[in-house]
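So this first bit is one chain, no partners, the form predicted alone, shown in structure tokens.
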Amino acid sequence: MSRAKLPRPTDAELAILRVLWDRGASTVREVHETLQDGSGYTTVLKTMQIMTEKGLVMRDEAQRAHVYSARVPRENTQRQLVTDLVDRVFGGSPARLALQALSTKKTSPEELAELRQLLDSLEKESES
């Protein structure tokens, strides 16, 4: 697959992508049952058909019930969305995003330790 930028998923599409990333390849019925958000089956089906056209998911038509899977790993989509957010909202500054995110919600000790590790490694890279 090319490195072309995929369209930004809508909230409904992101919910479906989360199901596919967590469950792996799934039928529309499995996605619908997992979502439990009040969406009708046909709404989920239509959304997944649109996602196929947009290149967000792949559809395997080998079986009677089509099986869908995410085209791009979760991390790639997250990276694309965060990059877009940093550019649009934070003037291209990842530090501003991090500061805002950390001041908005409580961070667990495990997450803080992970952040310290990341900052230490980034600091070492900049010294090299």
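Since this is a predicted model, take the numbers as computed values, not measurements. So that there is no doubt, residue numbering starts at 1 and follows the sequence shown.
One more form of this protein exists, namely the form predicted in complex with the DNA; it is left out here, but the text below deals with it.
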Residue among 102, 65, 89, 81 with a heavy atom within 4.5 Å of the DNA in the predicted complex: 65
Option touching the DNA, based on a heavy atom within 4.5 Å in the predicted complex, out of 58, 28, 72, 97: 28
In the predicted complex, residue 34 touching the DNA (heavy atom, 4.5 Å): no
Residue 17: touches the DNA in the predicted complex, heavy atom cutoff 4.5 angstroms: no
Exercise: residue 10 in contact with the DNA in the predicted complex, heavy atom 4.5 Å: yes
Contact flag, residue 42 vs the DNA in the predicted complex, heavy atom cut 4.5 Å: yes
Residues within 4.5 Å of the DNA in the predicted complex, restricted to 43-60 and counted by heavy atom: 43, 45, 46, 47, 49, 50, 54, 59
